[in-house]
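Quick setup: one chain, the form predicted alone, written in structure tokens, and binding and motion questions come after.
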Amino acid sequence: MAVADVIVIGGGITGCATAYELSKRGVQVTLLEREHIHAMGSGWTLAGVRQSGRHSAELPLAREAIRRWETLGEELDADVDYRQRGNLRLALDEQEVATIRRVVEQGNAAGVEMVYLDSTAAREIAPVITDSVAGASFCPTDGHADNLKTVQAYAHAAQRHGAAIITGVEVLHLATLGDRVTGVVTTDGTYNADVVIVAAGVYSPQLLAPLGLPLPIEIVHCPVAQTIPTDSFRLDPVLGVASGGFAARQTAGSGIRFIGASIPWGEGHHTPGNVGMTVQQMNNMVRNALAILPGLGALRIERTWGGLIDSTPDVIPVLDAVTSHPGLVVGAGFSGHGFGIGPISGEILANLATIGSDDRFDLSPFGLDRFAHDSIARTQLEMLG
């Protein structure tokens, strides 16, 4: 039987950032991951770091995250390939212009620097986009990073501070004494802890359900492709579209990474054999890619893959110390845009685990109990990354 002050379930950016924040405070923390670090959402993501297009409740977290990202590599003693070169969100027709103008207005109202651009101005920032774009929003302080390097950097930094990171161990269920969560039961035995943090992505609901705690996520599958490095194609900002069905960026290694529209997932547990994109997804993604970035057609594909998104009905996450079950903290349901706020999510969850609150932010919109009565209308998942 192993013992820790805090157990973190999940080895994505949320779990690893939380383990780092806890361990640097001297907390004895054990992180458990059923596969390997960045095996799920943090492994496949576009890795955008944005404020633009966020839900109003998330904007304060996203703004604070940008400040963390600017010095994160230095803090973690690693190159995370952070680039702050903006986010360009396209309206492909006049009907979408209204959506993009609304994104700009909401961002400016929340203190985020954004501008609306006509087609000509948008192509000055990204000459590789189609000349038929109707307009665009631009947020110059948005950007992107390397997802694998970032999660690894967090994990290594946590270990340097004394955190134990154990991979290949699956958490079967949460251990309880009455309503109190006292640890976890795993394929490697029981681990006891004062606090358990559930940051297990799409597998979080099945850990919470036996406690009578609903987390009604919809699991969708997103296709991703990346070209070989290229000198003939330049895309400085992260690129997306108003509908959320396509996004792209150029990696620090000069490959073009792009994603397509998500589809419902009905396969149960993911495996290497079932998580790839379907032929129809590939067809739709490539058609959209070439319509928006015509020059992509001459580039060679290096690899393709797919990833799962844990989408909540209101497409914002749960960040909560669950009062009905002392010792339980939840950080899940990031709805395809958790990477960019990962540094702040880690801070918040560490604060919830140690002092029970984080007074810097209004966390009431992120409470797990908002799903208790199944009264939240489902919002369309848009603007990934």
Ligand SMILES: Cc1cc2nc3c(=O)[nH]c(=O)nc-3n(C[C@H](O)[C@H](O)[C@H](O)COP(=O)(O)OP(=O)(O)OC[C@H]3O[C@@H](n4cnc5c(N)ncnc54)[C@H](O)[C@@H]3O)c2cc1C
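For clarity, every value in this text was computed on a predicted model and none was experimentally measured. The first residue of the sequence shown is number 1, and the count goes up from there.
Keep in mind that the form predicted together with the ligand is not shown, yet the notes after this line are about it.
- Residues of just one listed stretch (322 to 330, 337 to 345, 22 to 30, 354 to 362) have heavy atoms within 4.5 Å of the ligand in the model of the complex: 337 to 345.
- The contact with the ligand in the model of the complex, taken as any heavy atom within 4.5 Å, belongs to 308 out of 195, 285, 293, 308.
- Contact with the ligand in the model of the complex, defined as a heavy atom within 4.5 Å, holds for exactly one of 100, 207, 126, 213, namely 207.
- Contact check for 11, 35 and 199: all three have a heavy atom within 4.5 Å of the ligand in the model of the complex.
- Taking the partner from the other structure, the ligand in the model of the complex has no heavy atom within 4.5 Å of any heavy atom of residue 88.
- By the criterion of a heavy atom within 4.5 Å, residue 164 is excluded from the residues contacting the ligand in the model of the complex.
- Using a 4.5 angstroms threshold between heavy atoms, residue 263 stays clear of the ligand in the model of the complex.
- Interface residue remark: residue 40 is counted as part of the site for the ligand in the model of the complex, having a heavy atom within 4.5 Å.
- For the partner-free chain shown, 169, 170, 171 of 163 to 178 come within 4.5 angstroms of the ligand in the model of the complex, judged by any non-hydrogen atom.
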